[in-house]
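Two forms, one protein chain; structure tokens for each follow separately as structure 1 and structure 2.
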Structure 1
Amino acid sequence: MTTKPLGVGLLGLGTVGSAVARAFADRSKRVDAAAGRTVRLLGAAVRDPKKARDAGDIKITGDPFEILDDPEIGVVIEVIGGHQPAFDLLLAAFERGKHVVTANKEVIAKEWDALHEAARLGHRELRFEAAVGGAVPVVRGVMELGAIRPRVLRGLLNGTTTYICSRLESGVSFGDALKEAQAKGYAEPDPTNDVDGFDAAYKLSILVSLLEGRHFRPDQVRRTSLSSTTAAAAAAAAARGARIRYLAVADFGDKATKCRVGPEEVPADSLEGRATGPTNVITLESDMADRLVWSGPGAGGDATASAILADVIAIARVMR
């Protein structure tokens, strides 16, 4: 094991950030063994440093630059979410020679070229497994399929909407299903990104960008909201042997790639139809690899934290 420890800093300490902090505290020996070196979470930057938090014995600051300028921190984990100030802070991290791990699908989808160029110029890692699929390692899986020609990518990329759809089948109203999702930590207090398809569009944009080797902008994804879907519509679909699911679909045509996200009926016995709760299911059809499927928990603090830790460990392995 390498003797020099690797310091890690957090930007954000909400649901996901707190799960990351707990994982570092509870699984330090496992993380160190997997990384081949000592890895320690040294501090976190938050909006309100006076708020009581379960983050273990780490430094809490209201100034993100205390994390970015700390010479002992080699990896910055960004879990603030949203476009700004996250984008500027990530650029600042690269400028200061930090590796970056982020769960922020919006900033990756919107600033694909700028972030990858900043990482290249700084000779640092940009990793974002947690931005798509929660605990499901679909980003890494897609990145390792560079030689294939994709045909269709489809699936459930948003755990919140899968949970809501599965509750609608039980006769629960949309509003009550949404409140349940928020109470369980699957949906944010402002659920717009989930129910109106922005979240799924960001994730689809990232996967298509990886598969095509170029930036596919999220505004190129056609969105349809889930908010008008009712328990009655779910019951009508069930009578036809189908279920409503919030699908993300990319059709890779010869001349153009067309993408959409929105509620659609799927066969009840399909992978998507059988998915319940916050489950993500992603299916890729291609010329060389035929049909590949990834599935697992796509929402929640612990699921996302597992992907973040995997990225930190991967960086630690190549840092010598």
Structure 2
Amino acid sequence: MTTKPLGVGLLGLGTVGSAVARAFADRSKRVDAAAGRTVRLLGAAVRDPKKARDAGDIKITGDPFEILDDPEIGVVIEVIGGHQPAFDLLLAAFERGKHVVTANKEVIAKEWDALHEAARLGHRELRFEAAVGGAVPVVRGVMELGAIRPRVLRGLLNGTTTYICSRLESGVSFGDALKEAQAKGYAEPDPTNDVDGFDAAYKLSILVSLLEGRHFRPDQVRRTSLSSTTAAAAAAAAARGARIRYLAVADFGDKATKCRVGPEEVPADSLEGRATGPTNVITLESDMADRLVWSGPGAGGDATASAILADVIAIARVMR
């Protein structure tokens, strides 16, 4: 094992960041063994350092540059979310020679070229497994498929909308289903990102960009909101042996790739039809690899932390 420990710093210590910190505390031996060297979490930057949190014994600062400027930190994990200040902080991390791991689908989907270029210029790793599919290793999965010609990618990429669809089937109104999703912590207080399809569009943009090897912008994804879907529509679908699910679809035509997210009918007994909550399902059809399916927990602190730690471990192995 390499003797010098690899230092890691967190930007953000909310649902996901706290789960990452707890995982570092609970399973450091396992992480070190997988990484082939000692990996240590050295601190976290937050907005409000006085807030109580379930993140173990970790050094907390209100200044992200205390993490970015720490010479002991080689890997920065960004779990703040949103476009700014995350984008500027990620660029600052590369400028300071740090490797970057992020769960932030919005900044990756919008700033694909700038972030990849910053990583390339700095000879550093940019990893974002947790940005799509939570614990499901679908980012790595599609990256391993460089030779295929994709035909269709379809998936459930957003747990909030799957939960709402499943409640509509039980006769609950859209408004009540949304309130339930918020009470369970699935939907954010401002549910626009989930219900109007921005979240699914960011994730679809990332998968298509990986498959095409160039940026497919999230604003090229046609979005239809779930908000006008009713319990009556769900009942009518059920009478046809179908279920409504909020699907993300990429159609890789000969001339142009067309992407959409919105409510569509799927067979009730399909993997998508049977999903009721944060389970994500991603199916890829291609010429050489036929039909590949990934499925599993697409959200939640621990599931997302699993993907983040896998990225940190992969970086530690490259640096060995």
Ligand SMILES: NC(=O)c1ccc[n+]([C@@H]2O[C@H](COP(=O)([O-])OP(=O)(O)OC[C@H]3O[C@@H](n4cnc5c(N)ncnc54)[C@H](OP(=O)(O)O)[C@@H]3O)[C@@H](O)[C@H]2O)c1
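Computed from a predicted structure; not experimentally measured. All residue numbers here refer to structure 1's sequence, counted from 1. In this text, rigid core is short for the largest set of C-alphas that superpose within 1.5 Å between two forms.
Engineer: Name the structure that is the form predicted in complex with the ligand; the other one isn't.
Structural biologist: Structure 2, not 1.
Engineer: Does the C-alpha of residue 249 move 2 Å or more between structure 1 and structure 2 once the rigid core is lined up?
Structural biologist: Comparing forms between structure 1 and structure 2, the residue 249 CA shifts below 2 Å.
Engineer: Tell me whether residue 232 is among the residues that move between structure 1 and structure 2 (Cα shift of 2 angstroms or more, core superposed).
Structural biologist: Residue 232: C-alpha displaced by 2 Å or more between structure 1 and structure 2.
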